[in-house]
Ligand code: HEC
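Given as structure tokens, the chain that follows is alone and in the form predicted on its own.
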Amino acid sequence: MKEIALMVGVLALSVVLGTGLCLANVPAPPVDQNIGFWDKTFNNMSETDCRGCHGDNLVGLHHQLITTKGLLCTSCHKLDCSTGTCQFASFRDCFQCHSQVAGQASVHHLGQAAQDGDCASCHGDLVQNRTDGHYIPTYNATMVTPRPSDGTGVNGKGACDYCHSWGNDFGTGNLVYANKETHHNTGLGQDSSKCTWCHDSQAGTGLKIRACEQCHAPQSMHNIQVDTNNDGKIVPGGELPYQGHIGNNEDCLGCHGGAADQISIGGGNGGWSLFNPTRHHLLVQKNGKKCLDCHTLYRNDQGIFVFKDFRTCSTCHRNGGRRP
């Protein structure tokens, strides 16, 4: 299993495209673009776009290819002597070597790492790789199982696109794209065998998220958070909302606050309330409980946020069955 060392709350988790933190207490969408790559498409790039991220001084990086990839100087520096005077052909245009398919596939996702499904090699700890053996839930959908889109909670809560959708970034005004656009415009779907990397046509509506979890599983999801007061530590439930996944109860409900219209508080045959998880999750609505009142996050020895055991009844139910 590939080790994933999560470094939470550090903007250098991956390449940051854009400005610094705005940390506005503003409901998504779009989600603030404070961590990782911007939610945009990368398949209609210009030379200027490339240098905006990679900089202008790339000489050393390319010259290393002579030893790392066995290239020759003339692999890039090609002489054109057709006019009787030898001149070097253009070699500072990124697209001489780095291909993209405009409107379909990006330079980055046509590379071997992306084609092999090695997403973490570029996106770092924000994602997990499909074949690294990480944990993906296998239980049936519950009232809090997230959906990729169309959440059934208030204003669409309970789905990824409750936060990750189209709009203009609060801090910069730059356009932010929806998940469907950012993922489909990788061009990976040009190979139809890769469609199943993101889509499971056999899964029921409530379990479509399991395909997403091949890269966006609980371990990475619950370790994406900005240190909103810049005090050098992440406090689960104690940060500003909409700056990650674990900083505030609103963040929890953005993913897990669905199925509000499907809850049966009565004990009808097969009703939601027959199931222990549902009865406990209803405490958020009925008693004003917060998700982290029961689901306590702590850092383990590897510095990764994990949940304490919350399925031991006696943790809460004692003194005659009631919580003190």
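It should be emphasised that the depicted structure is a prediction, and the values quoted were computed from it without experimental measurement. Position 1 is the first residue in the sequence shown; the rest follow in order.
The protein also exists as the form predicted together with the named molecule; that form is not presented, and the subsequent description refers to it.
Chemist: Consider the chain as shown here, without its partner, and state which of Cys97, Ala203, Val154, Val101 has a heavy atom within 4.5 Å of the named molecule in the model of the complex.
Modeler: Contact with the named molecule in the model of the complex is made by Cys97 alone.
Chemist: Using heavy atoms and a 4.5 Å limit, would one call Ser106 a contact residue for the named molecule in the model of the complex?
Modeler: Within the cut-off, so yes.
Chemist: Just checking whether Thr312 would be counted as a contact of the named molecule in the model of the complex - the rule being heavy atoms within 4.5 angstroms.
Modeler: Yes, Thr312 is a contact residue.
Chemist: Applying a 4.5 Å heavy atom distance criterion, does Arg299 contact the named molecule in the model of the complex?
Modeler: Heavy-atom contact with the named molecule at 4.5 Å: absent for Arg299.
Chemist: Determine whether any heavy atom of Asn174 comes within 4.5 Å of a heavy atom of the named molecule in the model of the complex, and answer yes or no.
Modeler: Close contact is absent here: in the model of the complex, Asn174 is far from the named molecule, nothing within 4.5 Å, heavy atoms only.
Chemist: Going through 279-294, which residues have a heavy atom within 4.5 Å of the named molecule in the model of the complex? Please give them in sequence order.
Modeler: Those in contact are Arg279, His280, His281, Leu283, Val284, Lys286, Asn287, Lys289, Lys290, Cys291, Leu292, Cys294.
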